[in-house]
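Next up: just one chain, as C-alpha coordinates, the form predicted on its own.
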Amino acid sequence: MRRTFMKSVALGALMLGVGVSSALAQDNFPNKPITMILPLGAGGSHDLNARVLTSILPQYLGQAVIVKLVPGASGQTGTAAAASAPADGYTLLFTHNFYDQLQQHVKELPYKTTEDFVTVARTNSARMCAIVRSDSQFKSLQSLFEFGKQNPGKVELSHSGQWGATMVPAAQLFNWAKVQVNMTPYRGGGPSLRALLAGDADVTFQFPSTILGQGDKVRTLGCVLDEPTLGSPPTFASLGYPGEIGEMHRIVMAPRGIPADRLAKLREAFVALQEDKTYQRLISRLGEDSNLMSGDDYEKVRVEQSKDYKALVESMTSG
(Lines give C-alpha, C1' and ligand atoms only; values in the text may rest on other atoms or scores of the structure.)
Protein backbone atom coordinates (compact mmCIF):
# COMPACT_ATOMS: atom_id res chain seq x y z
CA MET A 1 0.00 0.00 0.00
CA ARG A 2 2.80 2.38 1.05
CA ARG A 3 4.77 1.60 -2.15
CA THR A 4 1.69 2.32 -4.25
CA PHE A 5 1.14 5.56 -2.42
CA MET A 6 4.78 6.70 -2.90
CA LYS A 7 4.63 5.72 -6.56
CA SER A 8 1.56 7.87 -6.95
CA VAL A 9 3.28 10.80 -5.22
CA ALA A 10 6.36 10.41 -7.41
CA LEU A 11 4.24 10.22 -10.55
CA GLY A 12 2.32 13.27 -9.43
CA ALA A 13 5.54 15.20 -8.77
CA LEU A 14 6.88 14.17 -12.18
CA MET A 15 3.71 15.32 -13.87
CA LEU A 16 3.83 18.55 -11.89
CA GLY A 17 7.46 19.07 -12.94
CA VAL A 18 6.58 18.50 -16.57
CA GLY A 19 3.72 20.91 -16.16
CA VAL A 20 5.95 23.61 -14.63
CA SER A 21 8.64 23.13 -17.26
CA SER A 22 6.05 23.31 -19.99
CA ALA A 23 4.59 26.41 -18.45
CA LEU A 24 8.02 28.11 -18.30
CA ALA A 25 8.61 27.27 -21.94
CA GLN A 26 5.24 28.70 -22.91
CA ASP A 27 5.01 31.64 -20.50
CA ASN A 28 5.48 34.12 -23.30
CA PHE A 29 8.31 35.93 -21.54
CA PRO A 30 8.10 38.62 -20.35
CA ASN A 31 4.64 38.52 -18.83
CA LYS A 32 5.31 41.10 -16.13
CA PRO A 33 7.44 44.29 -15.76
CA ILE A 34 11.24 43.97 -15.83
CA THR A 35 13.37 45.74 -13.22
CA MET A 36 16.60 47.40 -14.38
CA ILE A 37 18.93 48.06 -11.44
CA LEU A 38 21.37 50.95 -11.67
CA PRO A 39 24.17 50.75 -9.07
CA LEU A 40 24.49 54.53 -9.28
CA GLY A 41 22.75 57.65 -8.00
CA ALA A 42 20.22 59.91 -9.70
CA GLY A 43 21.12 62.53 -12.26
CA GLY A 44 24.23 60.91 -13.71
CA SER A 45 24.78 59.88 -17.32
CA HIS A 46 23.70 56.28 -16.68
CA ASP A 47 20.46 57.52 -15.18
CA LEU A 48 19.80 59.71 -18.22
CA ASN A 49 20.61 56.86 -20.63
CA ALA A 50 18.40 54.48 -18.68
CA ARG A 51 15.42 56.84 -18.92
CA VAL A 52 15.76 56.83 -22.71
CA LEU A 53 16.26 53.06 -22.94
CA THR A 54 13.27 52.24 -20.79
CA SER A 55 11.00 54.66 -22.62
CA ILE A 56 11.43 52.70 -25.89
CA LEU A 57 12.19 49.10 -24.85
CA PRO A 58 8.59 48.27 -23.83
CA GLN A 59 7.61 48.54 -27.49
CA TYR A 60 9.83 45.53 -28.24
CA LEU A 61 9.29 43.53 -25.04
CA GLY A 62 5.60 44.10 -24.48
CA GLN A 63 6.21 44.97 -20.83
CA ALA A 64 7.37 47.98 -18.84
CA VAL A 65 11.02 48.24 -17.80
CA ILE A 66 11.33 49.92 -14.41
CA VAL A 67 14.52 51.76 -13.40
CA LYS A 68 15.61 51.07 -9.82
CA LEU A 69 18.46 53.19 -8.46
CA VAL A 70 20.53 51.27 -5.89
CA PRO A 71 23.67 53.36 -5.24
CA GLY A 72 26.25 52.74 -2.56
CA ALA A 73 29.71 51.28 -1.87
CA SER A 74 31.04 52.30 -5.29
CA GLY A 75 28.43 50.29 -7.15
CA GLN A 76 28.66 47.20 -4.98
CA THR A 77 25.26 47.60 -3.31
CA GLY A 78 23.29 47.58 -6.56
CA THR A 79 25.49 44.98 -8.23
CA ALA A 80 25.09 42.64 -5.27
CA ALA A 81 21.32 43.09 -5.40
CA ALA A 82 21.25 42.10 -9.06
CA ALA A 83 23.63 39.17 -8.51
CA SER A 84 21.33 37.71 -5.86
CA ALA A 85 18.18 38.09 -7.99
CA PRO A 86 16.64 35.03 -9.68
CA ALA A 87 18.12 34.31 -13.11
CA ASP A 88 14.73 34.57 -14.77
CA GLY A 89 15.20 37.65 -16.94
CA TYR A 90 13.03 39.91 -14.81
CA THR A 91 15.98 41.62 -13.11
CA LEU A 92 18.71 43.29 -15.18
CA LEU A 93 21.76 45.34 -14.25
CA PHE A 94 22.71 48.51 -16.14
CA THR A 95 26.36 49.04 -15.28
CA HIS A 96 29.71 49.86 -16.86
CA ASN A 97 33.06 48.26 -17.53
CA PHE A 98 34.88 49.70 -14.52
CA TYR A 99 32.48 48.13 -12.04
CA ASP A 100 32.24 44.99 -14.14
CA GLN A 101 35.89 44.17 -14.73
CA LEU A 102 38.20 46.59 -12.87
CA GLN A 103 37.00 46.54 -9.25
CA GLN A 104 37.70 42.83 -8.88
CA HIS A 105 41.43 43.62 -9.12
CA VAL A 106 41.25 46.19 -6.33
CA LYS A 107 39.20 44.62 -3.57
CA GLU A 108 37.28 41.56 -2.45
CA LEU A 109 33.74 41.79 -3.79
CA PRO A 110 30.60 40.01 -2.53
CA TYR A 111 30.07 38.64 -6.06
CA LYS A 112 32.10 37.57 -9.10
CA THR A 113 30.93 39.63 -12.02
CA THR A 114 32.21 37.34 -14.77
CA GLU A 115 30.69 34.26 -13.19
CA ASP A 116 27.51 35.95 -11.97
CA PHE A 117 26.49 37.99 -15.02
CA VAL A 118 26.14 37.54 -18.76
CA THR A 119 25.92 40.44 -21.21
CA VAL A 120 22.60 41.27 -22.80
CA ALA A 121 24.01 44.20 -24.79
CA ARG A 122 26.58 46.98 -24.77
CA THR A 123 24.19 49.84 -25.52
CA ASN A 124 26.81 52.51 -26.25
CA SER A 125 30.05 54.00 -25.03
CA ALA A 126 31.13 57.44 -23.85
CA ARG A 127 34.24 59.50 -23.32
CA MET A 128 34.64 61.94 -20.47
CA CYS A 129 35.53 65.58 -20.09
CA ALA A 130 36.98 67.69 -17.27
CA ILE A 131 34.68 70.52 -16.19
CA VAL A 132 34.71 73.39 -13.69
CA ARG A 133 32.03 75.91 -12.73
CA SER A 134 31.71 78.77 -15.17
CA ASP A 135 32.80 81.23 -12.44
CA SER A 136 35.93 79.20 -11.70
CA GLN A 137 39.34 80.86 -11.78
CA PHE A 138 40.50 78.02 -14.03
CA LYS A 139 40.03 78.99 -17.66
CA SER A 140 42.01 76.07 -19.08
CA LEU A 141 43.33 72.67 -18.05
CA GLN A 142 46.85 74.12 -18.08
CA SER A 143 45.89 76.80 -15.53
CA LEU A 144 44.39 74.10 -13.31
CA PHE A 145 47.59 72.04 -13.57
CA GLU A 146 49.78 75.06 -12.77
CA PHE A 147 47.72 75.91 -9.67
CA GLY A 148 47.80 72.27 -8.57
CA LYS A 149 51.57 72.03 -8.90
CA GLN A 150 52.05 75.18 -6.84
CA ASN A 151 49.46 74.12 -4.26
CA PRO A 152 49.69 70.33 -3.72
CA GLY A 153 46.47 68.84 -2.38
CA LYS A 154 44.53 72.09 -2.71
CA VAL A 155 42.55 71.12 -5.82
CA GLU A 156 39.32 69.38 -4.81
CA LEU A 157 38.09 66.77 -7.30
CA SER A 158 34.73 65.02 -6.99
CA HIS A 159 34.25 61.68 -8.73
CA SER A 160 31.62 58.97 -9.12
CA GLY A 161 33.10 56.39 -6.75
CA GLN A 162 36.29 54.50 -5.94
CA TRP A 163 37.76 52.88 -9.03
CA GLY A 164 34.72 53.98 -11.02
CA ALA A 165 34.23 55.41 -14.49
CA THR A 166 35.45 58.91 -13.63
CA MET A 167 37.93 58.21 -10.83
CA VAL A 168 40.31 56.06 -12.88
CA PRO A 169 40.74 58.36 -15.90
CA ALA A 170 40.99 61.42 -13.61
CA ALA A 171 43.74 59.73 -11.61
CA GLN A 172 45.54 58.81 -14.83
CA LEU A 173 45.39 62.39 -16.11
CA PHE A 174 46.53 64.08 -12.90
CA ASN A 175 49.24 61.50 -12.32
CA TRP A 176 50.59 62.27 -15.76
CA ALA A 177 50.46 66.02 -15.04
CA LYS A 178 52.22 65.40 -11.70
CA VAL A 179 49.48 67.23 -9.85
CA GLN A 180 48.40 66.08 -6.40
CA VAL A 181 44.63 66.53 -6.01
CA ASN A 182 42.24 65.69 -3.21
CA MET A 183 39.84 63.14 -4.68
CA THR A 184 36.45 62.69 -2.99
CA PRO A 185 34.12 59.83 -3.99
CA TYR A 186 30.36 60.32 -4.39
CA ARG A 187 27.51 57.94 -5.14
CA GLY A 188 27.67 58.31 -8.89
CA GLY A 189 28.20 60.98 -11.51
CA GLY A 190 25.07 62.93 -10.55
CA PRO A 191 26.09 63.48 -6.91
CA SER A 192 29.67 64.33 -7.95
CA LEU A 193 28.31 66.92 -10.39
CA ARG A 194 26.12 68.45 -7.69
CA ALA A 195 29.19 68.69 -5.44
CA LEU A 196 30.90 70.76 -8.12
CA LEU A 197 27.90 73.05 -8.59
CA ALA A 198 27.58 73.49 -4.80
CA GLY A 199 31.18 74.64 -4.55
CA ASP A 200 32.39 71.54 -2.70
CA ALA A 201 34.75 70.65 -5.55
CA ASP A 202 36.91 72.59 -8.02
CA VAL A 203 36.76 70.09 -10.86
CA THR A 204 34.97 66.91 -11.82
CA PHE A 205 34.76 64.60 -14.80
CA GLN A 206 31.50 64.11 -16.65
CA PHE A 207 30.13 62.85 -19.93
CA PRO A 208 28.54 65.03 -22.64
CA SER A 209 25.05 63.88 -21.68
CA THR A 210 25.30 65.45 -18.23
CA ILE A 211 27.40 68.46 -19.29
CA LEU A 212 24.89 69.58 -21.93
CA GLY A 213 22.16 69.79 -19.31
CA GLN A 214 24.12 72.32 -17.25
CA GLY A 215 24.03 75.07 -19.87
CA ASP A 216 26.26 77.99 -18.89
CA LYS A 217 26.79 76.79 -15.33
CA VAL A 218 29.96 74.90 -16.23
CA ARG A 219 33.04 75.27 -18.41
CA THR A 220 34.57 72.28 -20.21
CA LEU A 221 38.38 72.33 -20.01
CA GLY A 222 39.16 69.23 -22.03
CA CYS A 223 37.84 65.89 -23.28
CA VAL A 224 39.15 62.48 -24.26
CA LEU A 225 37.97 62.96 -27.86
CA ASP A 226 36.62 65.82 -29.91
CA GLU A 227 33.10 66.61 -28.72
CA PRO A 228 31.35 68.92 -31.23
CA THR A 229 28.20 69.07 -29.10
CA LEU A 230 30.30 70.82 -26.42
CA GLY A 231 31.96 73.23 -28.82
CA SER A 232 35.01 71.02 -29.45
CA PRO A 233 37.07 71.85 -26.35
CA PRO A 234 40.74 70.70 -26.44
CA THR A 235 41.36 66.99 -26.30
CA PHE A 236 43.69 65.61 -23.66
CA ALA A 237 45.95 64.36 -26.46
CA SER A 238 46.20 67.85 -27.96
CA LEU A 239 47.32 69.12 -24.55
CA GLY A 240 50.14 66.57 -24.52
CA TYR A 241 48.65 63.56 -22.73
CA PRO A 242 50.49 60.65 -24.36
CA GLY A 243 48.40 57.59 -23.51
CA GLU A 244 44.88 56.28 -23.72
CA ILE A 245 42.26 57.10 -21.13
CA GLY A 246 39.57 54.54 -20.58
CA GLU A 247 36.34 54.52 -22.46
CA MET A 248 33.16 53.82 -20.53
CA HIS A 249 30.99 51.06 -21.94
CA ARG A 250 27.35 51.11 -20.85
CA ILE A 251 26.28 47.49 -20.48
CA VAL A 252 23.06 45.70 -19.67
CA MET A 253 23.62 42.38 -17.92
CA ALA A 254 21.47 39.56 -16.61
CA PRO A 255 22.20 37.09 -13.82
CA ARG A 256 24.02 34.18 -15.44
CA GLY A 257 21.82 31.12 -15.71
CA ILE A 258 18.98 32.96 -17.41
CA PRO A 259 17.18 30.58 -19.81
CA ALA A 260 18.65 30.83 -23.30
CA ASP A 261 15.36 31.71 -24.96
CA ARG A 262 14.78 34.62 -22.56
CA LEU A 263 18.33 35.94 -23.05
CA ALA A 264 17.81 35.74 -26.80
CA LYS A 265 14.56 37.69 -26.55
CA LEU A 266 16.20 40.43 -24.49
CA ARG A 267 19.10 40.66 -26.93
CA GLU A 268 16.71 40.88 -29.88
CA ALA A 269 14.89 43.75 -28.20
CA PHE A 270 18.12 45.77 -27.91
CA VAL A 271 18.94 45.13 -31.57
CA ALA A 272 15.48 46.42 -32.51
CA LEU A 273 15.98 49.40 -30.20
CA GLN A 274 19.13 50.34 -32.08
CA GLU A 275 17.11 50.76 -35.27
CA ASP A 276 14.34 52.77 -33.63
CA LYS A 277 14.28 56.34 -34.96
CA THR A 278 12.83 57.78 -31.76
CA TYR A 279 15.59 56.15 -29.72
CA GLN A 280 18.21 57.47 -32.11
CA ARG A 281 16.79 60.98 -31.81
CA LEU A 282 16.57 60.93 -28.01
CA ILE A 283 20.02 59.43 -27.45
CA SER A 284 21.56 61.90 -29.89
CA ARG A 285 19.87 64.75 -28.05
CA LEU A 286 21.69 63.59 -24.92
CA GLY A 287 24.99 63.93 -26.74
CA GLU A 288 25.52 60.17 -26.65
CA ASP A 289 26.27 57.70 -29.42
CA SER A 290 24.35 54.49 -30.09
CA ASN A 291 27.06 52.05 -31.08
CA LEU A 292 25.42 48.81 -29.95
CA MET A 293 27.63 45.77 -29.44
CA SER A 294 25.98 42.36 -29.22
CA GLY A 295 26.05 40.44 -25.98
CA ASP A 296 28.14 37.65 -27.50
CA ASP A 297 30.74 40.09 -28.84
CA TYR A 298 30.94 42.01 -25.57
CA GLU A 299 31.55 38.79 -23.63
CA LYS A 300 34.85 38.51 -25.55
CA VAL A 301 35.72 42.14 -24.70
CA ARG A 302 35.28 41.44 -20.98
CA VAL A 303 38.10 38.92 -21.03
CA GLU A 304 40.56 41.43 -22.52
CA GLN A 305 39.35 44.21 -20.21
CA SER A 306 40.10 42.12 -17.16
CA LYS A 307 43.70 41.61 -18.28
CA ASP A 308 44.19 45.31 -19.10
CA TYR A 309 42.65 46.53 -15.84
CA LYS A 310 44.76 44.16 -13.79
CA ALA A 311 47.86 45.70 -15.34
CA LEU A 312 46.47 49.23 -14.87
CA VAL A 313 45.73 48.68 -11.18
CA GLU A 314 49.18 47.25 -10.61
CA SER A 315 50.77 50.28 -12.30
CA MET A 316 48.66 52.76 -10.28
CA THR A 317 49.22 51.07 -6.92
CA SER A 318 52.85 50.07 -7.26
CA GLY A 319 53.97 53.25 -5.56
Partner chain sequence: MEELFGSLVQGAGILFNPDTFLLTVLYMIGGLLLGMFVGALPGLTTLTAMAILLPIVFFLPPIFGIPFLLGIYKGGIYGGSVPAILVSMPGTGAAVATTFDGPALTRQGKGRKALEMALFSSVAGDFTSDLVTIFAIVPIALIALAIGPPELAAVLFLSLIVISATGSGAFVKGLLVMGIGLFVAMIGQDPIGALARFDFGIFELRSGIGLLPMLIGLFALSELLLSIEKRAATYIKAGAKALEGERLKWSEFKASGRTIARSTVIGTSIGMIPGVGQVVAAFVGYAAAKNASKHPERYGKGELDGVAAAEAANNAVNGPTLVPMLTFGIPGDNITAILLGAFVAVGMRPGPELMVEQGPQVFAILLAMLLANVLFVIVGYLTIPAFARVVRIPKSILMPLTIMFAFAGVFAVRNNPTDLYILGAFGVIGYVLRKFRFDVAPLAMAFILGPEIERAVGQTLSLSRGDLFGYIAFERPITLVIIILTPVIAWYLWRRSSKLQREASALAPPE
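The structure presented is a predicted model; accordingly, all values stated were derived computationally and were not measured. Rigid core (definition): largest C-alpha set, two forms, superposition within 1.5 Å. Numbering follows the first chain given and starts at 1.
The following text describes the form predicted together with its partner chain, which does not appear among the structures shown.
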| query | finding |
| --- | --- |
| Interface membership of residue 74, its partner chain in the predicted complex, 4.5 Å heavy atom rule | yes |
| Heavy atom of residue 213 within 4.5 Å of its partner chain in the predicted complex | yes |
| Residue 200, heavy atom within 4.5 angstroms of its partner chain in the predicted complex | yes |
| Residue contact check: residue 114 to its partner chain in the predicted complex, 4.5 Å heavy atom | no |
| One stretch from 118-126, 221-229, 152-160, 168-176 that, in the predicted complex, holds residues within 4.5 Å of its partner chain by heavy atom | 152-160 |
| Of 184, 84, 235, 143, the one that lies within 4.5 Å of its partner chain in the predicted complex (heavy atoms) | 184 |
| The unique member of 266, 57, 282, 293 whose heavy atoms fall within 4.5 Å of its partner chain in the predicted complex | 282 |
| Its partner chain in the predicted complex - contacting residues of 30-63, heavy atom within 4.5 Å | 42, 43, 47, 48, 51, 52 |
| Large Cα move at residue 210 between the shown form and the other one, threshold 2 Å, rigid core | yes |
| Core-aligned CA displacement of residue 192 at least 2 Å between the shown form and the other one | yes |
| Threshold 2 Å Cα movement between the shown form and the other one for residue 164, core superposed | yes |
| Residue pair residue 305, residue 181 - Cα distance in the predicted complex, closer or farther (3 Å or more) | closer |
